[in-house]
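Below sits a lone chain in structure tokens, taken as the form predicted alone.
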Amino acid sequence: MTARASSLAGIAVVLAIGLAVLVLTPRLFELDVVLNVTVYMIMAVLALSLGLIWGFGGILCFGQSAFFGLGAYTYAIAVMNMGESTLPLVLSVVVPAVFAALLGYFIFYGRISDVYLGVITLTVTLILFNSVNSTAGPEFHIGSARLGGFNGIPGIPALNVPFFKDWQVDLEGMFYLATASLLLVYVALRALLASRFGRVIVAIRENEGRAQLLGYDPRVYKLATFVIGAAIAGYAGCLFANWGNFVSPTIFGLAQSAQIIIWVIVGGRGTLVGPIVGCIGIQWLTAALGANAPSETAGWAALVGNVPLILGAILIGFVLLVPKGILPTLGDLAAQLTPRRAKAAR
């Protein structure tokens, strides 16, 4: 099988699984399960945004939650002032993208190294968290939208059919929208990576100096990748604000930033399916552990019920034992077994 045929087969399998989830989930499960799956799909879109930036662009960004939060807050503030969601949805993508373009310009054209890039993006996230967290007073508002500080912004109006305010998306509709969005973002990123632009950003990740000698400006391609990832994260933030009709400063928090990186590490860098698998798997595990944890624990039982501790142990285990992540490791095993089977068949 050629590389192109293998790639098309992979896309077909992912789309088949996605369409099965889209069609069967509301028919087989109760509404509470559908709501949980909806947030899994939204967070998987967020995971794809970092999967592009870090996995293919080689840019370790600790600030993906900053773009996610900007998208959520932009939508919430705009829709509460406008009363109709078409323009707020667009703004939730544009504002994080513009913010990323400004931040990325100074980072990439300033020749900031990867380590300092991570520190800068993490610092920006913490600045946003503390800034929004300090807006609890009634004087902190944008138009009719009160920022609410640590209490967040409740009662966010739902998305509606473009330009039709009365046709709002209900809870089941949010599931369909989130799942369809994940599939569309996945296909769009596969097409982007298969294009000349995608091949160049991978080449820059592998050897930036050689790509520059071939006539490509790494700063331009890195900045463009950074902006695209921010736009996707902002869209995920808009969906998240609609899922719970609520947004708070915790969306900018350190825990949220770390989680996104964990999803990509566990699933596997350099793939698009890997971040999706890592995101959904970790979220499901977190929900399962949280649901089964006893309310009052002591001693070893308290450690067993400590979800962050267990997730931290899982991350350390993956970094030490499965450094490539789930999907690349499975691919390597399959590649090793296939020649053996072919040789045995002869």
Partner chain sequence: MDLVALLAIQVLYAIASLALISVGLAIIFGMMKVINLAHGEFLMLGGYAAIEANRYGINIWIAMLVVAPLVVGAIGAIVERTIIRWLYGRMIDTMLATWGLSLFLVGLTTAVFGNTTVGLSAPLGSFEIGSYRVSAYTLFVIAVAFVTLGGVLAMLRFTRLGLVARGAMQNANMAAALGVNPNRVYSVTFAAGAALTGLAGGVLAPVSGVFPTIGVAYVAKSFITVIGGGAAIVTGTATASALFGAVNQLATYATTPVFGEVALLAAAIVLIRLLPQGITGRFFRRSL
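Small disclaimer: the values here were computed from a predicted structure and weren't measured. Residue numbers count along the first chain shown, from 1.
Another form, the form predicted together with its partner chain, is not on view; read the next lines as being about it.
Student: To test your reading of this chain, name the stretch in 205 to 213, 107 to 115, 190 to 198, 237 to 245 whose heavy atoms come within 4.5 Å of its partner chain in the predicted complex.
Tutor: Within 4.5 Å of the partner lies stretch 107 to 115.
Student: Would Val39, Ser92 and Ile228 all count as contacting its partner chain in the predicted complex, using a 4.5 Å heavy atom cut-off?
Tutor: The answer is no: none of the three residues contacts the partner (heavy atom, 4.5 Å cut-off).
Student: Only one of Gln168, Asn130, Asn151, Asn81 gets a heavy atom within 4.5 Å of its partner chain in the predicted complex. Which one?
Tutor: After the contact test, the surviving option is Asn130.
Student: Which one of Leu87, Ala180, Val119, Val220 is close to its partner chain in the predicted complex, taking close to mean a heavy atom within 4.5 Å?
Tutor: Here the answer is residue option Val119.
Student: State yes or no: in the predicted complex, is some non-hydrogen atom of Leu254 no more than 4.5 angstroms from a non-hydrogen atom of its partner chain?
Tutor: Flag for Leu254 set to yes.
Student: Thr123: heavy atom within 4.5 Å of its partner chain in the predicted complex?
Tutor: Within the cut-off, so yes.
Student: Report yes if any heavy atom of Leu315 sits within 4.5 Å of a heavy atom of its partner chain in the predicted complex; otherwise report no.
Tutor: Although its partner chain is absent here, Leu315 would touch it in the predicted complex, with heavy atoms inside 4.5 Å.
Student: Heavy atoms within 4.5 Å of its partner chain in the predicted complex: does Phe56 have any?
Tutor: No.
Student: What residues, if any, in 316 to 332 have a non-hydrogen atom within 4.5 angstroms of its partner chain in the predicted complex?
Tutor: Read in sequence order, the residues that approach its partner chain (within 4.5 Å, in the predicted complex) are Ile316, Val319, Leu320, Pro323.
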